[in-house]
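Only one chain is included here, represented as structure tokens and corresponding to the form predicted on its own.
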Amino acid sequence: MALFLPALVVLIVTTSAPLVYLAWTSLERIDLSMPWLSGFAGAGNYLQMGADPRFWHSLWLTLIYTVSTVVLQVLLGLGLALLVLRIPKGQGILRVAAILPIVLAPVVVGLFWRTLVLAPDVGLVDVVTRALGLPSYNWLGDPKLALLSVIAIHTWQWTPFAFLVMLASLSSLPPDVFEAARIDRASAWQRFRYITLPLIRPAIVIVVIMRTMIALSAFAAIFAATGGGPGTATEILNLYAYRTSFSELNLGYGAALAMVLLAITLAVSFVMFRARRAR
């Protein structure tokens, strides 16, 4: 117990105490631009969200961003894993290459895409589009393209995680089951649908749960690439809470937004883990 106590104290100080302080701040009216109005607000900050169109817009963007990135990562990761399994040599090199986007800091990824990939006229994407005879696009400056761009950034960085998990799961499947299915003249689609997918379902569920939790709390890559802009085109709930707290100096309302995001993340995670155990 004496050996365990210091670690427990450090854990409480670094995690639980900030959460308690955040929850308390969300009940306060703390606006540094108007400090004379500071005081206890109770549920006022939460009630304010109901009439805040910017909150609902950021919540909708968060839903689109999370669902799109998670679905794309699962589909692309599974497709790449199935493709790599057909390559008899060089799988080790491909696995090492897949790790590289994951180990990069999200800020580095955002700046990399902003300056080298999606920069107007000189970015890699624009070079390719102009070579194909297409016009140049302001991928991060156009409100209609900015959300698609940050979805692509997140998908590029974290698809290798899904790929590695799927590849490990597929590599461990028993070959006897597939040989029996071939003898019974099952088609490739039937083998994939009725054998492969059920057997790798635990891996898919874990990938969906982990990637959903990370996508809901995404911040650094989007902030480095667009800062939440142009305007509020890529302002997901996490960025809205940050902007409210540190740009508009409304710490109380920003803390309430962060608490709502925390509640959503915990609720989604709880539902997913319950569904996983139920099956």
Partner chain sequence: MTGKRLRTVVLVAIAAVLLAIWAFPVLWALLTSFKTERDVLAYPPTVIFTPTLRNYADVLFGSASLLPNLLSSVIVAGVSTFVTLLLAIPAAYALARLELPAKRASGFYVLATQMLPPVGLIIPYYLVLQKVGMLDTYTGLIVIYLTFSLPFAIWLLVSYFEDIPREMEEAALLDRAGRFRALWYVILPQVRGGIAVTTIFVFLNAWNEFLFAVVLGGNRVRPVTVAMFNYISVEQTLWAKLAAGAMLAMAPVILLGLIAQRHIVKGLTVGAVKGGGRRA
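Residue numbers count along the first chain shown, from 1. Between two forms, the rigid core is defined as the largest C-alpha subset superposing within 1.5 Å. Source: prediction; values computed, not measured.
What follows is about the form predicted in complex with its partner chain, which we do not show.
Decide if the three candidate residues 41, 70 and 192 all line its partner chain in the predicted complex, where lining means a heavy atom within 4.5 Å.
Checked in the predicted complex: no contact with its partner chain for any of the three.
Only one of 104, 145, 74, 170 comes within 4.5 Å of its partner chain in the predicted complex by heavy atoms, so just point that one out.
Answer to the contact question: 104.
Residue 164 versus its partner chain, in the predicted complex: is there a non-hydrogen atom within 4.5 Å?
Looking in the predicted complex, residue contacts with its partner chain include residue 164, since a heavy atom lies within 4.5 Å.
Can you tell me whether residue 88 touches its partner chain? I mean in the predicted complex, with a 4.5 angstroms heavy atom cut-off.
Residue 88 belongs to the contact set for its partner chain.
Within 4.5 Å, heavy atoms only: does residue 217 come near its partner chain in the predicted complex?
Taking the distances in the predicted complex, the answer for residue 217 is yes, it comes within 4.5 Å of its partner chain.
Since only the chain is shown here, I'm wondering whether residue 34 would be in contact with its partner chain in the predicted complex (any heavy atom pair within 4.5 Å).
Taking the distances in the predicted complex, the answer for residue 34 is no, it never comes within 4.5 Å of its partner chain.
Can you name the residues of 206-245 that have a heavy atom within 4.5 Å of its partner chain in the predicted complex?
Result: 206, 209, 210, 213, 214, 217, 218, 219, 220, 223, 224, 238, 241, 242, 245.
Superpose on the rigid core, then tell me if the C-alpha of residue 9 is displaced by 2 angstroms or more between this form and the one not shown.
Comparing the forms between this form and the one not shown, which are aligned on their rigid core, residue 9 does shift its C-alpha by 2 Å or more.
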